[in-house]
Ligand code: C2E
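Shown here is one chain on its own, the form predicted on its own, set out as structure tokens.
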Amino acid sequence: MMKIKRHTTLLDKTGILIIGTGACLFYYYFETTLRGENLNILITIGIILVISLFTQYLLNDINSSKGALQQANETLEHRVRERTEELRNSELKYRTIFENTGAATIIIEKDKKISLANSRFLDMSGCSRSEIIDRKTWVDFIDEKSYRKLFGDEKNPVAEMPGAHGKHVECQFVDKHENRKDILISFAQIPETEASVASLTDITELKDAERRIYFQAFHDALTRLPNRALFLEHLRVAIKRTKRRPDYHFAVIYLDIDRFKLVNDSLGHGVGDDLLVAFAARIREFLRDIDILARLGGDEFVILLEEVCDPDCTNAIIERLQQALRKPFGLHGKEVFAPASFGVVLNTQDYEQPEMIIRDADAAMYHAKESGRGQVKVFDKKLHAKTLHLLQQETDLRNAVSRNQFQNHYQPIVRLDTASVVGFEALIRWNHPETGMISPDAFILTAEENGLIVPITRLTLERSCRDLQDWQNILGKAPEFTVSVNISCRHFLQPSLLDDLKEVLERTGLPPHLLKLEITETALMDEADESIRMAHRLREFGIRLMIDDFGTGYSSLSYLQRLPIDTLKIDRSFISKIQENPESNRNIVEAIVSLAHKLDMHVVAEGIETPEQHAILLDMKCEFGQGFLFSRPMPKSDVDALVRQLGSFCPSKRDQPYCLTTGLPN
């Protein structure tokens, strides 16, 4: 405002000067007029005065407008300076944010070119700013697979650029040196422009963790093969493919290493794990790239054979696998053999659920094992019916245990020289409510596999001890019988076995020395050291041990010396042919009898059916026997009658044995 006042004063002085000059001129002309009385001069002076006044007016107006304009300009300049400062501060702030956002950030123009990039992006790309700005597009930094995923291909192009509407995309970032990493790109449209801002976050560690989690969820940790879950997914895809393509066929093979438990028990679980890895690697060598090998658990593997044109193709693959698996594996300086049993499902077109295919392949493999090690079994309808029968049998067995549907039959054991009863073998029978009485051969194997053999044996033991105690009460102190009960290896090796037996004997009142446990020699050898420890504990308590079916298993003399065995039972397979092959079976039986006597053991011959067999065994000095010649297995009611008959005979003729074949004193 002070500047404007100074300009006004200056203009006023100029105006006064003009007016003064005009007055001088006026005076000059006035003098001239008085002298010359010239009217024109007066007119001229008047005009000059008017001009001077008008000029003064104009100058004053101009000075006033100039002052207002000056003031407006200065106000505008002040506001411009303030706005410029604000913009500069705002730009500095946003540039600072852009530069220090924590993520690699770029500005992308409509043509995909990068118009601005922060330092994080430069570090990530390995490029300088001059190499990127307005020179490279953002898609120059993603791999081809990511490009096709985002933009499609020639046949299926994607017209709209990713991120046009705030999209997030995952892709592979490729830097200047061809290094790759997983990134997440977040796009945001810049308002009122055609440009976008994109933030790139390195998610490599996250994706690696995700891949590890996925691998652990769908792969076996030991062999790194697909697990059951992933294999089932492959099967689902194969089943769907068969519905779309009638010409597509696939097959499934279920494998199980024969006697894998023996490897673990003898060489240790570390060697067992190494065998599983080597086993899987060898199988993989003989499969095609399109085939899928998975480990279901333990020593069980399964194969999906893709695009098999006919059964011959599958058979050829199986034959190659069998030949390969017959060769030994070199593990820790030892040769380990690992043949496998195969279950195969060929007709897969009718399946809807993958679990059913694995179930049937497993069933076929199970039946292959029953046929012998290293065998192959193809699943068919008969096998399916058998599998359904086994499944139903398992269900019925569980109900039978809970409802106690089992009964004991007893076969007498006799002295061969007098045919007099010395004890009984308890033989379990299943009284099925629909099918009637079922022999143990029809259900014991199923009971052993699903663990029901333990509660079944407990029921048999308690009933046997209770029945024998009842018979001893009828007979009094003499004669004193024993009862023999078959026991499975699984039950024999349970730490609670002795406690269970003590509890049963205490409840029934039967003395321990009247109970004998029969176990096969094969079962004893599966866990030899543990079996020996358990046998000694039983013997110390007073329970006697018998080896059943002697001669059909290991027949190892070393364990016979270490085990506190009371009796050897010669298998009926030797007795039945003792007449037919006198040079073989007879010699074997005679050797067993002689061996038992030298080891201070008793001998029981099973399956005696003819007087000739009886006579031969007597000639060998075999002490005891059982078989149809003397008696078939009897229900308790028949044994009750026999015991009462013995009770009525014994008091009067205690010095004469009761002959079971005649019912008369011998």
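Please read all numbers here as calculations on a predicted model, not as lab measurements. A residue's number is simply how far along the shown sequence it sits, counting from 1.
If you look for the form predicted in complex with the ligand, you will not find it shown, but the lines that follow are about it.
Among Ile608, Leu617, Val639, Val604, the residue placing a heavy atom within 4.5 Å of the ligand in the predicted bound form is Ile608. For the candidate set Leu501, Ile428, Val252, Cys465, a heavy atom within 4.5 Å of the ligand in the predicted bound form is found for exactly one residue, namely Ile428. Contact check for Asn264: no non-hydrogen atom falls within 4.5 Å of the ligand in the predicted bound form. Heavy atoms of Pro633 reach within 4.5 Å of the ligand in the predicted bound form, making it an interface residue.
Remark: Asp548 counts among the residues lining the ligand in the predicted bound form, judged by a heavy atom distance of 4.5 Å or less. Although the partner is absent from this view, Asp256 stays clear of the ligand in the predicted bound form, with no non-hydrogen atom inside 4.5 angstroms. Of the candidate stretches 420-428, 187-195, 272-280, 213-221, only 420-428 has residues with heavy atoms within 4.5 Å of the ligand in the predicted bound form. Residues from 622-637 that approach the ligand in the predicted bound form with a non-hydrogen atom closer than or equal to 4.5 Å are Gly627, Phe628, Pro633, in the order they occur in the chain.
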